[in-house]
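Here are two versions of the same chain, shown separately as structure tokens and labelled structure 1 and structure 2.
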Structure 1
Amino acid sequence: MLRGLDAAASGMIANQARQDALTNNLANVNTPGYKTDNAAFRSFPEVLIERIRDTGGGAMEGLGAKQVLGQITHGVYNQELVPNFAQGDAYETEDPLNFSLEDGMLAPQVIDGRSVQPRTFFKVQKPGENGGAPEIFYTRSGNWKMNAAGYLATPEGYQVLDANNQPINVRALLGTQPLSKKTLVVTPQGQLTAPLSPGSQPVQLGLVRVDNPALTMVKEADTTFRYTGAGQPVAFNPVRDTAVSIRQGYLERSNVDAGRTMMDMMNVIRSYEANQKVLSAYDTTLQKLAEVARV
């Protein structure tokens, strides 16, 4: 049959998958801590094609040996969505419980011969599903609030963890002081202190450093990531990771580039259309064939 028919269809399906990723990026253009997904296409595995009963171009004298014609692929598919962990800009919110992580100056690491930029993440704890043990997730979105019980929590209600994986009790830290940027101060190293509450113990925000985030961090709901690498991510070390700083009253903007995304969408549509045209062309060919056969 016509081999290109499937290839054209697979091209359309792959472009549709890319469009799904692009629209998701665009919808999250204002989501703090969101990381752009890039779709990576991959061709189907190559197959060898051979001509059987090869006559060598000569007269039909018996059946020749089969001859290798070459390799062909039958199309393309959307292999993976790779998040781009580039730093988003910080914007000021003046909320004492908004934090942005700035780690663009961390020294790049060489992993498998490639230079990658390490990233730091906040630790949050999600309750286990169906009564299971709570799980630790990682996020770049420091958009938090103090819940009714006095704990630091994400908008979805997940507790933010300190360096010892314990929930952070802001009320215990503040004592009787009201919550404001004067009463709760965060050092650039992520230490929560209450300067106006005598006797309160500072709490270190739970931070981890992931050397190769694109290959080990997997997206989950609510702008969080799951760590899939070996063991546990390395804890943030203020002595070693001096290039990391935490800013209070700021949030990290989404790193989606709206203009670029719109342009990519136009590309996708045209590519989708081109594949459709090929498909239609095959259809016309088949139609002609059917007409010939009718005679």
Structure 2
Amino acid sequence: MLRGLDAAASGMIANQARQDALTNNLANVNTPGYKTDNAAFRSFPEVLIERIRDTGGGAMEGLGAKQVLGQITHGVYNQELVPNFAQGDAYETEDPLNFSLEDGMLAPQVIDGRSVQPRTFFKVQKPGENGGAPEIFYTRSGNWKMNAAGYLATPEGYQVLDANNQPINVRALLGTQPLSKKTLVVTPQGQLTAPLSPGSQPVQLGLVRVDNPALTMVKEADTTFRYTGAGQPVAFNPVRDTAVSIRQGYLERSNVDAGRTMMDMMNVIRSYEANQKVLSAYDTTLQKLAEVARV
């Protein structure tokens, strides 16, 4: 009977974790470059049940051999959150430091017998913690600003990197020119130029291509990811990756489907309530047994 309690309780905990993920998705429905988190449930490993010290036909015959009764699980758990890397729509902002990545036409790759869609990411650098070395992360969000030192940075303060993993100094690129879409131009291949600043050298945005992001990219924050594959992600190659383009003055929307997320939240609530009722039924039954035992 107590195994039923475990299963109902684990179902409630797993549903709570999924509800948290859905709530976070809904909270980021307007966050540029945000990717939906999908909760992956998994049952606990099955255990084998055996009847031991079997007395068979009676105590006089002594103990019998063990008898296998079968297998049983102890409920489910929320194994992990898997981001959905489907591209969001682009919308215009007119901000010269907003960039959207468009790579929906990249040819799918077959990995381990499965067709997967490659994705392209910007490189950003997070300052090291407790005096440690800075870390490189990857993002689809091109919602950037120029910080007080003149460097290109994310709203979180992470510096945007060029193709050589160096922070991009927009002020040095512009010289004395004010910032606008006329003084700072990005090509579809991601090259930043300052056409009104003679002598300034173009800067190539740091871009990487990841063939199987669902398995090799782990969400670090709402819009930044850590690469967990072997080595480093493949650098963007404008000759090979002709299906990739960067648009200035645009941002990629979050790919959260608000209507679908609301429906999923209602389903999770119903599932949570069902497990709660099972738990309550077990509790009532145990109370009855305790009362009978006292009599």
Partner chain sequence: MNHAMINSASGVRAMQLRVDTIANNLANSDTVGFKSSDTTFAAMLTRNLNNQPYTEYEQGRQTPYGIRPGFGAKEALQVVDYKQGAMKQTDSPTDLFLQGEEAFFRVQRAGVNGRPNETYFTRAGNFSTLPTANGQLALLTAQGDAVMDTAGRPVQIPSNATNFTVNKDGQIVYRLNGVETQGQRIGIYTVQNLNILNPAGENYYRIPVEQIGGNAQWTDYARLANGGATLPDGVGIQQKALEASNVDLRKEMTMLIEAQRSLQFNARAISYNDQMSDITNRIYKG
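Residue indices: 1-based, along structure 1. Everything numeric in this text was worked out from a predicted model, so none of it was measured. Under this definition, the rigid core comprises the largest set of C-alpha atoms superposing within 1.5 Å between the forms.
Structures 1 and 2, same chain in two forms; the form predicted alone is found in structure 2. Here residue 283 counts as shifted, since its C-alpha moves by at least 2 Å between structures 1 and 2 after the core is aligned. Once both forms are fitted on their rigid core, the CA atom of residue 231 lies less than 2 Å apart between structures 1 and 2. Residue 259 shows a C-alpha shift below 2 Å between structures 1 and 2 [criterion: core-superposed Cα displacement of 2 Å]. Structural comparison between structures 1 and 2 after rigid-core fitting shows the C-alpha of residue 70 displaced 2.6 Å.
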